[in-house]
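The data below hold one chain only, encoded as structure tokens and taken in the form predicted alone.
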């Protein structure tokens, strides 16, 4: 496999030194930054995540900050989720859509104050879209990418590790809430959230220079908990049905197709740019939708491109992510399936790189 030449356009993170010392073996490029994807092996990292605690460098989840009198108005223009009842200290998962209702991103929105918001983005140039909207509507708001780098603590021992470093008050943070905590004289937002189903926290590290001191403090505090460096795990996320923007959904898909209709308050989210288009989608219903897919046979190869889903000779969808699950002893997958074939138990076939496999549509994801 050819190597990627690293230049200043491919940015390191405040935690890269710690990631390298921990023996990272693979990266991907995410928002023009390095995002670790493997340390020991995908399966070994998977088992450790489910049994202990990991520290994830997810600084590639960049922040788009909205600051100013029109910040709340702009935030509502971006998403069909009704934000009127959102109080400071809350985090919301929000679909971001364009004027056609197509998905542009699926970030976590953090409300610091009525006039200050962070959008913790997936992999896309959302900053440019937000700037364009603000400029086009002449809104009184400043938009930039602040020096904020998320560090995720994930796994069943995550709460104990966080309490060792930040004190027992961190245990009181509720799911998708955040609080401000001090580390070496720097105040940082800490949310109970993360890109796994194992539970944990995300620390919004303020300032590049604070990266390695915090990383080292967490590693030292977690020695008795079998703490390791880790990263979002491909097996665990597919088991839990955690979608990946750019893999499982793109701007060709609406939130309803992605199973995110529950995050769309289209009737009441007045001002959302894609509202009219989504009202039509909500009325008519999607013609395709994300489903869990069980694929028969031995371990499937890596899913680095879409795999057609077939009913006889007719293509009825595609698999977008797949992995062998040791805990469920099957190949778990995420697929986009036509409404004619998305019912529980529907028998299909999938064209994998090593040949046709039998596949079954599941009603729910595994975890």
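Residue numbers count along the first chain shown, from 1. For clarity, every value in this text was computed on a predicted model and none was experimentally measured.
Quick note: we don't show the form predicted together with a small molecule, though the next part is all about it.
- Contact with the small molecule, judged by heavy atoms within 4.5 Å in the model of the complex, is confined among 177-185, 293-301, 255-263, 138-146 to 255-263.
- At the 4.5 Å threshold, heavy atoms of residue 108 reach the small molecule in the model of the complex.
- Remark: residue 194 counts among the residues lining the small molecule in the model of the complex, judged by a heavy atom distance of 4.5 Å or less.
- Remark: residue 204 counts among the residues lining the small molecule in the model of the complex, judged by a heavy atom distance of 4.5 Å or less.
- The small molecule in the model of the complex comes within 4.5 Å of no heavy atom belonging to residue 57.
- Note on the partner interface in the model of the complex: the residue among 124, 76, 198, 120 having a heavy atom within 4.5 angstroms of the small molecule is 120.
- This chain is drawn without the small molecule; in the model of the complex, the residue among 342, 30, 39, 27 with a heavy atom within 4.5 Å of it is 30.
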